[in-house]
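What follows is a single chain, given as structure tokens, in the form predicted alone.
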Amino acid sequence: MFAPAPCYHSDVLIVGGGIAGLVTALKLLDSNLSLIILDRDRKDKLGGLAKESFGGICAVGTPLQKRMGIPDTPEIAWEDWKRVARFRREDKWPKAWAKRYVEHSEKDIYTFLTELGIRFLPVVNWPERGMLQTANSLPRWHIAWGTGHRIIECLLKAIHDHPNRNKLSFRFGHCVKNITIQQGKVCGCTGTMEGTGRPFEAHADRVVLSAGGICGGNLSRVRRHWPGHLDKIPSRLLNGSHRFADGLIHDAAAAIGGKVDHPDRQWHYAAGIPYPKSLIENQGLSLVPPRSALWLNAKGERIGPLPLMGYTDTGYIVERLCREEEPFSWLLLNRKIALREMAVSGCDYMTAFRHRKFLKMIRELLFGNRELTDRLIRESDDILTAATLMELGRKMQEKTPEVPLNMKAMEKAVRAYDRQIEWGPSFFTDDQLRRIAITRKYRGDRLRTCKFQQILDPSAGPLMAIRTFILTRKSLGGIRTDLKSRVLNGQDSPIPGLFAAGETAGFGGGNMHGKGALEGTFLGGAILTAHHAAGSICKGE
């Protein structure tokens, strides 16, 4: 005889145990409601992609900004957001959520995290300043000390220590495929167990969807909904999202009338390399591309006419790379640049940050991150080193024999760049060097940016070439919600009993970021929308 399918009952079901689901659960524990979190992954993966992240949070008007004399306000941030998002007139809910973010990020995100025990690095960082237009006009990227791993750790501790902890239970390895509805109201969900395919059902008065986006899985949805403003889909993409971010929960919501907006609005990274020794197909590791590296196309030609510069405008760089013929590009630099500027957008490789080793972090800032650089060189087949440019070019050609390397063009670009550095800042006409000069004026970037480092400097070697690919990351589109995080149908009416938070909701309203994003609004958006979902449920809405 077959055992009956598991059947669960609670007041609230939360589908997805990432940061949005955990924040929702923590806030709902105050209400004395019974809760179940249904998560597809294993118990040790609780926290999802947020747990693996670097832990950067965009927040406006924080005490840390004020301490540094950064004159940020919600009004300034709102203008930056609108400029990058390029909202349309009909984007009612995305605009409402974006405005809510800049007005409430200090209280609902920054203060919320500090009250959990999260501490932020004492210097606010300033990525995504923009290439063709201003993005972040001021520094507002707050890095959690301990990375995203620490954020999840503190969230789980707060849940564990809550007086109503016994009201919450977890069910791992559960894949939700359908949302059940009776008499026009959501009343639970059904699905199957990962691995075995065994069915289950769950019943509740309210269901919160917080199971990530569509930019992971086997990447089929990324390709199906490839953004129209990007010239073509690269023949090879790396997966920088979650393996279960496959859009099944969006399909379930759409099947009962939920409106899914803009699946073609996606946020990808430009400098991915295959994750060393990964058992997951196409899993990628996102490098933070050094500002002082030269960005070359697959043939070794410097990409232009406007040179690409890392950490400045991710959306523009991805768009520009997608115009190239080949699916990969090269970062050309030397060891000195790598030691000072190389970083990884994640916690596993950034060990001083991940394990909160303050003295180690200071030593790496002052003398360079040798551990990271050496580990990447040792583990990655896509990072090449050589004593001379000729030798490096030979290795690049051997790595990609299908694409002829234009050695003359590469050498010409490197020597022209180095010559301008020799002449000095008064004579800079290279846009990358001009941007480096401006970047170094902000004290938060001075330590992490080389002072006009020549590529062929004999004392800075060996030379390095890093083959990079486009790496998928976040879904900017998602399930449409109102400011109470209620899922809306095509007529903009709430579906009773159904809520969505985090990336599943396009971080709020189905597309809070519009066509672009300011760095750090993903984790922040997950936290903000979770607050609103829990608040609405507590009020009986």
Ligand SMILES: Cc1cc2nc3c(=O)[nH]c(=O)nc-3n(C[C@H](O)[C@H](O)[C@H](O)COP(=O)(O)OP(=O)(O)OC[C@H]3O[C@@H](n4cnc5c(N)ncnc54)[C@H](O)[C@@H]3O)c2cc1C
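A residue's number is simply how far along the shown sequence it sits, counting from 1. This structure is a prediction, so every number in the text was calculated from the model and none was measured.
What comes next is about the form predicted in complex with this ligand, which is not displayed.
At the 4.5 Å threshold, heavy atoms of residue 482 stay clear of this ligand in the predicted bound form, well away from it.
Not displayed here, this ligand is kept clear of residue 508 by more than 4.5 Å at the level of heavy atoms in the predicted bound form. In the predicted bound form, this ligand stays beyond 4.5 Å of every heavy atom belonging to residue 59. Looking at residue 121, you'd find every heavy atom of it more than 4.5 angstroms from this ligand in the predicted bound form. Residues placing heavy atoms within 4.5 Å of this ligand in the predicted bound form fall in a single listed stretch, namely 246 to 254, out of 426 to 434, 228 to 236, 366 to 374, 246 to 254. No residue of the trio 292, 319 and 414 has any heavy atom within 4.5 Å of this ligand in the predicted bound form.
Of the residues 12, 25, 517, 15, just one reaches this ligand in the predicted bound form with a heavy atom at 4.5 Å or closer; this is 15.
The single contact residue among 125, 420, 297, 345, judged by any heavy atom lying within 4.5 Å of this ligand in the predicted bound form, is 345. Contacts between 53 to 70 and this ligand, taken as any heavy atom within 4.5 Å in the predicted bound form, involve 53, 54, 55, 56.
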